[in-house]
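Only one chain comes next, encoded as structure tokens, the form predicted alone.
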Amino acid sequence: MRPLITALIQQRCTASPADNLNSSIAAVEQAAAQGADLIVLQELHGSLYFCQQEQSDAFELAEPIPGPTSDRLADLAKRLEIVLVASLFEKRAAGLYHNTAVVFDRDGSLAGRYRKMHIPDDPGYYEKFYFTPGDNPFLPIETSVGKLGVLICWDQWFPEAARLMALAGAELLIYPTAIGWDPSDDAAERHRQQQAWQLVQRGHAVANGLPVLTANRVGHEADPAGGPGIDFWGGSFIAGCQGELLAEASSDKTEIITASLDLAHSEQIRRIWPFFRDRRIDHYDDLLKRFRD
């Protein structure tokens, strides 16, 4: 098996969906020119992060799939002969919207989609107003470069999601992401938050013996209601199946990072760290409870 060249696109977004899409396409073309076979875009790369407030007019940003944006991305994947993971605000039906990752194969076909399952509702991240939780199981998407365990942002904090993807045969874990700091956070708090975010995902790599690819957005985005806004912290990264960092982006720049992955290495790691063998599935029933009182 030849190495898989992967690339993550970390970009700033503007108020113009057309400009954002053109920037994403240009970056994908650049990554493909560098030899990338699998390219991942950040969460909701077509717009500013509109979830800072509850605004009913933001639903106008949503599109069906297939739709104008997904059609352009499908054509892009076909033209460049790459596998492309993109993130769209999906209009499934009137009044039914999802935060959806789509995967296009080398021939431009829609290999699959994943609708975000864990939906946050925090100050500055009012996603429950916009997104219906996904109703699809945690199953990898089969592509010409392997089985992709695609999850989205808030899913990063849940080991159950990563484990279920791994148990279903995923060969990679992929997280399009939009996460940042409140500008009022001090330097120490910013460091703790970003370290926790990276460490939990590197832990998923270790616990499941799989590489992890996380593409985050970057730059300050103002709060439309006049609040402090969000400083998206970038830091996109690619980790190997022992959690080792293979590539990491800056906290303040638009950039492309790449790494070469040997997917067969995961089997070697699982042989020396046989966590799947030693799972005590006969004692995990309480995981299906909200809390053990």
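For clarity, every value in this text was computed on a predicted model and none was experimentally measured. Start at 1 and count along the sequence shown; that's the residue number.
Heads up, the form predicted together with another copy of the chain isn't pictured, but that's what we're talking about next.
- Item | Contact segment among 70 to 78, 200 to 208, 100 to 108, 216 to 224, judged by heavy atoms lying within 4.5 Å of another copy of the chain in the predicted bound form | Residues of 200 to 208 come within 4.5 Å of the partner.
Problem set entry | Sole residue of 82, 164, 145, 141 within 4.5 Å of another copy of the chain in the predicted bound form, by heavy atom | Answer to the contact question: 164.
Partner proximity in the predicted bound form: residue 137 to another copy of the chain, non-hydrogen atom cutoff 4.5 Å: Within the cut-off, so yes.
With heavy atoms only and a cut-off of 4.5 Å, decide whether residue 242 touches another copy of the chain in the predicted bound form.
Residue-level check for residue 242: yes, a contact with another copy of the chain.
| task | Answer for residue 12 alone: is it within 4.5 Å of another copy of the chain in the predicted bound form, judged on heavy atom distances? | result | Answer no; every heavy atom of residue 12 is more than 4.5 Å from another copy of the chain in the predicted bound form.
Heavy atom to heavy atom, is residue 2 within 4.5 Å of another copy of the chain in the predicted bound form?
-> Residue 2: no contact with another copy of the chain in the predicted bound form.
| field | in the predicted bound form: members of 256 to 293 within 4.5 Å of another copy of the chain, any heavy atom | value | Heavy-atom contacts to another copy of the chain in the predicted bound form: 272, 273, 274, 275, 276, 277, 278, 279, 280, 281, 283, 284, 285, 286, 287, 288, 289, 290, 291, 292.
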